[in-house]
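Just the one chain here, the form predicted alone, laid out as structure tokens.
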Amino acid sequence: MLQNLLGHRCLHVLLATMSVAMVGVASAAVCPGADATALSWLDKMSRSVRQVSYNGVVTLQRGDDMQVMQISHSVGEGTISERLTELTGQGAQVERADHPVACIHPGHKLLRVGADLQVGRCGIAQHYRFSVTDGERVAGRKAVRIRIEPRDMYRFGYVMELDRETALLLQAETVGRGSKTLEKFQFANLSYSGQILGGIEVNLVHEAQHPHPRTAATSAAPGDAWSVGWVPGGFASTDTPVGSSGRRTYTDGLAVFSVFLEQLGREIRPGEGVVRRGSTLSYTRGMHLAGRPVLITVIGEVPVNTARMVADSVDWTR
């Protein structure tokens, strides 16, 4: 997740002020409503994952369900290692070791819009409105609050609290229609260090994977290439899938969703099913493509109407 900007403090403050002022002039002309200060903070947040090590305990609230997890994030010599351990429930653990620092994921790229604004590209500011205010204390840290409102009906809004010193994401609320909080994440305590915490007994361990698209498992038969014909503006593919790969994943820098296609060996009655947990939706649609029964599933942080439109657009590639 996040970052520590160290160095010659006065010089950095001066350069940051000049940069924000330059971006502000450009954004006012080409991207009305783009808050240069907010975008600058999001840029810092996206970079912090490669620059700061930390340990902490976080809570995740989804309706009446509360999960408590321990997070350890260590930045070493050119690599990042992470561990996420449930302190409630089954005590599951997810680990990612020696992930290259130089590996920039698409979501992080989409949040780095300072240079884009200066050359006339709005980036994520084309799809969200931003505002910045002083935040509350979270885990004992002073925070900056960024309010993010969608410009269309195809995505959710967010309220984020970032560490004023490191831009680490300390708290985040996902906001749905009617300003309803769908999900809330926050640090209960936090310390910055380079140590991965240990000594916690776990019952389930899952190794996080980062497969190359061409080695990923497929659920569609070889030669059955398919595509997603529509995604909301601003969403970009996170991988380069083979035509018959059973999954497509997209992000706009804040939200992520994946589309899965499964060919069925029997007829299926057309219909749909929806399951939501917090801000995460699982939308399933039984349908026929060119007379062949398939099951389309959209999983991610989007409203149901978005998932439905995405599923409707799936077809065989011609």
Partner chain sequence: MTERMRESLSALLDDEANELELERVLSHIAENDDLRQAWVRYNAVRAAVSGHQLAYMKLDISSQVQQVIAEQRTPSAAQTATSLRQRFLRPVASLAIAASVAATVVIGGQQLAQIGGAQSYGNSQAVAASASPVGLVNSLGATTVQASYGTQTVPVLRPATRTAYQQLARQRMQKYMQEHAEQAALNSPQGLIPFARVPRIRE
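Just so it is clear, the structure is predicted and the values come from calculations on it, not from any experiment. Residue numbers count along the first chain shown, from 1.
There is another form of this protein, the form predicted together with the partner chain, and it is not shown here; the text below is about that form.
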- Of V159, V101, A139, V94, the one that lies within 4.5 Å of the partner chain in the predicted bound form (heavy atoms): V94
- Item | Contact residue in the predicted bound form, from D239, E149, D224, E165 (heavy atom within 4.5 Å of the partner chain) | D239
- Query: Is S40 one of the residues lying within 4.5 Å of the partner chain in the predicted bound form, judged by heavy atom distances?
  - Reply: no
- Look up in the predicted bound form whether G233 has a non-hydrogen atom within 4.5 angstroms of the partner chain, and give yes or no. yes
- the partner chain contact at M153 in the predicted bound form, heavy atom, 4.5 Å: yes
- With a 4.5 Å heavy atom cut-off, would you call Q90 a contact of the partner chain in the predicted bound form? yes
- Query: Can you name the residues of 261 to 275 that have a non-hydrogen atom within 4.5 angstroms of the partner chain in the predicted bound form?
  - Reply: E262, I268, R269, P270, G271, E272, G273, V274, V275
